[in-house]
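Shown here is one chain on its own, the form predicted on its own, set out as structure tokens.
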Amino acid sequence: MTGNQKKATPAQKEYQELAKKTVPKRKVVPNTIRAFLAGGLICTFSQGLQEIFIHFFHFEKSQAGNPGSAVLIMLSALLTGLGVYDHISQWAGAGTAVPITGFANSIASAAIEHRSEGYVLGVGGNMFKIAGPVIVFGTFSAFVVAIIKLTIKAIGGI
């Protein structure tokens, strides 16, 4: 035992045992299946959008993902504003949190929550509280990967 750890009292142990008994068990398999299905449907819808932009709007294949992503972001923000996205994400779990739609939902929900504080200090100041770390760590990760790739390329690996 380190200096910061204290021995649990009998009352604390009793409480922990009671808490373990009353906490509902996670349904891992059904939750995983729902997350897989929801994330897969979002990605399939996104692929359909790309195909629409390629065939009907004559986008190049390499550029069709950008307007498809924009449509997903707008739909996610709209569904968040209407209160529908929360119901979908409660059912689907991580399946809606991982794709770009979850990112848009986190920004839109924070903006909606703080709109009573005004547009600048409320909406503008608070909408990136949740999404900000994702942006920071995503950018940092891309930087680290680029440095690793350049280092490997410089020593003749790639």
Partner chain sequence: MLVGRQSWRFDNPPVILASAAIGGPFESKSPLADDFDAFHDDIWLKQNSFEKAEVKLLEHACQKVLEKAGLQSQDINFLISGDLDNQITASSFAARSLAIPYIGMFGACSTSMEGLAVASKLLDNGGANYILTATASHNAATEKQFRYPTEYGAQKPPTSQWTVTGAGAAILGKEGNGPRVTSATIGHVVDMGVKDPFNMGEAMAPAAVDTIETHLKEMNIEPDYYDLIATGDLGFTGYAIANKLFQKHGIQLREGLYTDCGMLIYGKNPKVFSGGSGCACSATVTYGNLLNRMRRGELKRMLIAATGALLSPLSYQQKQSIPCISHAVSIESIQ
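For clarity, a rigid core is taken as the largest C-alpha set superposing within 1.5 Å between two forms. What you are looking at is a predicted structure, and each value in this text was computed from that prediction instead of being measured. Residue numbers count along the first chain shown, from 1.
What comes next is about the form predicted in complex with its partner chain, which does not appear here.
Q: Which listed residue (A142, I135, I148, A19) meets the criterion of a heavy atom within 4.5 Å of its partner chain in the model of the complex?
A: Answer to the contact question: A19.
Q: Is A38 a contact residue for its partner chain in the model of the complex, using a 4.5 Å heavy atom cut-off?
A: A38 lies outside the contact set for its partner chain.
Q: Using a 4.5 Å heavy atom cut-off, state whether K61 contacts its partner chain in the model of the complex.
A: Result no; K61 lies far from its partner chain in the model of the complex.
Q: Does at least one non-hydrogen atom of C43 fall within 4.5 angstroms of its partner chain in the model of the complex?
A: No, no contact at 4.5 Å.
Q: Spell out, yes or no, whether the shortest heavy atom distance between E51 and its partner chain in the model of the complex is within 4.5 Å.
A: No, E51 sits far enough from its partner chain in the model of the complex that none of its heavy atoms falls within 4.5 Å.
Q: Mind listing which residues of 12-30 have a heavy atom within 4.5 Å of its partner chain in the model of the complex?
A: Sequence-ordered list: Q12, E14, Y15, Q16, L18, A19, K21, T22, V23, P24, K25, R26.
Q: With both forms fit on the core, has T139 moved 2 Å or more by CA between this form and the one not shown?
A: No, shifts by less than 2 Å.
Q: For K13, is the CA shift between this form and the one not shown at least 2 Å following rigid-core superposition?
A: Shift of 2 Å or more: yes.
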